[in-house]
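As a starting point, one isolated chain is supplied in structure tokens, in the form predicted on its own.
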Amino acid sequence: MGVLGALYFTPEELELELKWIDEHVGGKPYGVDVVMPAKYEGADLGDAEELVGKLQGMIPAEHRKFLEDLLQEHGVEPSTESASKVLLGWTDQTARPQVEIALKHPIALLASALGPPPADVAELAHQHGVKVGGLASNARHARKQVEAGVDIIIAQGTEAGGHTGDVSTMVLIPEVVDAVGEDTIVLAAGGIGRGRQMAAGLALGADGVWTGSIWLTVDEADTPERALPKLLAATSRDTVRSRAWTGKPARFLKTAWTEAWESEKSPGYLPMPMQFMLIADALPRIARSGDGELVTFPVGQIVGSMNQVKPAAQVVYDLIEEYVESIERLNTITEG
């Protein structure tokens, strides 16, 4: 089942995207993924419009200067335009309208990508007959997700792209399975992009798997043009967990961008969502100009196996074929 990440859409844009999906999937199930972090700067500062103004005023001048100096150093063209979607869905205030839009459509799953969803949101989804999923990076987080009303735990190891914890998938999956019990579905996530890894996830006790990074290099992906060659050339060692995008640890391609924010010259990271508000205007500038050294992208360690562009259907076939081969080989070993 495909899941659409809603983070980068305004409610109006999300409505258009979901309408298009409804018209093209022939009634097949799909999900929507939102970000509703439990903790972030400005959680008590009022509605989204008020929040933006107050948080912008809290961004230190030294951080703005560091960013502009970094962009200038790499030949990124200046811009007189301000970022129009600096908060996107990074807060409870901005994610709730996305949830409202999503539940007006025949979605099968509402997933929370960063922390447990508010209990009232989980209850609202259940009232619409929609299952709720939540990403967890350790057993304690998984238990909190269940307490919040989550039906499906996506146990995501540190190998994953985007926001991720520091426990490996191999260790995490059995811990989460044991922590939540048999009544909660657990999906293995983090570094899964091969059929053998699917089989391993099930062997560790998961009921299925959740994949992400491997879809960045399919024919149908809208991965930025300057990021795609870097993804195809990267090895599994060419990623790093960094706060340089959102203020919370997330795995990205290791580039001059991540190195600059880790350097001695860096003023340090700002808390979520202020870090992204700081860089939001810079990202499209980096994507279209400069020497390309600052171009990065969220991706997991499975990127080392993503070395050619394929149709999405071929990726699915390859996953299934290798999974079946792995299970058959294991059965042969057991029988022997």
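Position 1 is the first residue in the sequence shown; the rest follow in order. Predicted model only: the values in this text are computed from it and were never measured.
What comes next is about the form predicted in complex with another copy of the chain, which does not appear here.
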property	result
In the model of the complex, the one of 196, 143, 131, 105 near another copy of the chain [non-hydrogen atom within 4.5 angstroms]	196
Proximity to another copy of the chain in the model of the complex, single hit among 149, 205, 224, 249 (heavy atom within 4.5 Å)	205
4.5 Å heavy atom contact, residue 301 to another copy of the chain in the model of the complex	yes
Residue contact check: residue 118 to another copy of the chain in the model of the complex, 4.5 Å heavy atom	no
Contact test in the model of the complex: residue 323 vs another copy of the chain, heavy atoms, 4.5 Å	yes
4.5 Å heavy atom contact, residue 177 to another copy of the chain in the model of the complex	yes
Stretch from 94-102, 211-219, 120-128, 133-141 whose residues place a heavy atom within 4.5 Å of another copy of the chain in the model of the complex	133-141
Contacts with another copy of the chain in the model of the complex - residues in 142-168 whose heavy atoms fall within 4.5 Å	159, 166, 167, 168
